[in-house]
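Shown next as C-alpha cells: one chain only, the form predicted on its own.
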Amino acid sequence: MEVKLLGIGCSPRENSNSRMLLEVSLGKAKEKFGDKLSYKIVDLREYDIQHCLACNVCGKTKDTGEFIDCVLKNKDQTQEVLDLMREADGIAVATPVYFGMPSDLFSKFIMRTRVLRHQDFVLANRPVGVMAIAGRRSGGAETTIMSTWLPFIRNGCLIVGNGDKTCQFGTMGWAGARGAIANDEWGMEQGRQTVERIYEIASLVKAGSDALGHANPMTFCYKSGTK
C-alpha cells in the first residue's frame, strides 16, 4: 500500500528555512519507508492564488445541494493545489512565523479550501501536521502551529503532533538567515518526527478504510448551527 503525502510550503521566500525543513523531513521519511511512501511538495508562492470573494455560495448550492465549482476556479491556479490535496493521504504544512501566525500566503490559500469543505468535507480524515519556523526563541511558533490547525479542523482533518518520544504540537524550528534551520538539531528532528507521525496515521486510516469499505459520512449543511 502506497501512502501519498503532500508538503505545502508557505514561505514567500525562495530557499527558505521552512522549505528546507519540509524537504529534508519528507526526504528522510522516504528513505525510511521506501516504496510505501511517495510525496510531492508545492510552494504557494509559485501559484496565482486570489483572495476568497466571500460570494456566499461555495461548492454546494443552498437550495438543491448540487456541487458547484468555486467562482474563481478558472481565474487562478488554486484548483491545482486543491486537486493535490484531494489526492493526498496526509498533509505537511511548513510556514514561517509572522507575528505569531502563519504566513499571509497560507491564510489566503486556506480560505479557498472552503469549497472542499462545503462539498461534504472532501479532506475529512486526512492527517495534517504543521512545521513553524520562528526567527527568535519563543517567537510564536506554538501559536502559529495552533492557528494553522483551525481551518484544517473545520475541514474534518485529523491533527497530529510530532509523536515519537515527546508528542509535542508539531515542529517548532528556530532560524534566522537562509539555511540556518540546518543548525537547529532539535527542530530538524521534530520535522522528521512530524512527517513520520503523518505517515503513520495516514497508513492506519487508509488501511482501515480499505478493509472496512468505509466512506466519509460527513455532509455539509448551510443551516447547521445558524439562527
Ligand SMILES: Cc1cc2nc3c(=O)[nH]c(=O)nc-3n(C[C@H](O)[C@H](O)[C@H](O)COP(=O)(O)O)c2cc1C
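Heads up: residue numbers just count along the shown sequence, starting at 1. Since the structure is predicted, the reported quantities are computational estimates derived from the model, not experimental observations.
Heads up, the form predicted together with the ligand isn't pictured, but that's what we're talking about next.
Judged by heavy atoms within 4.5 Å of the ligand in the predicted bound form, the contact stretch among the candidates 81-89, 135-143, 152-160, 119-127 is 135-143. Annotated contacts: Ser11, Asn17 and Gly100 all touch the ligand in the predicted bound form [non-hydrogen atom within 4.5 angstroms]. The contact residue chosen from Gly176, Gly27, Gly65, Gly34 relative to the ligand in the predicted bound form is Gly176, the criterion being a non-hydrogen atom within 4.5 angstroms.
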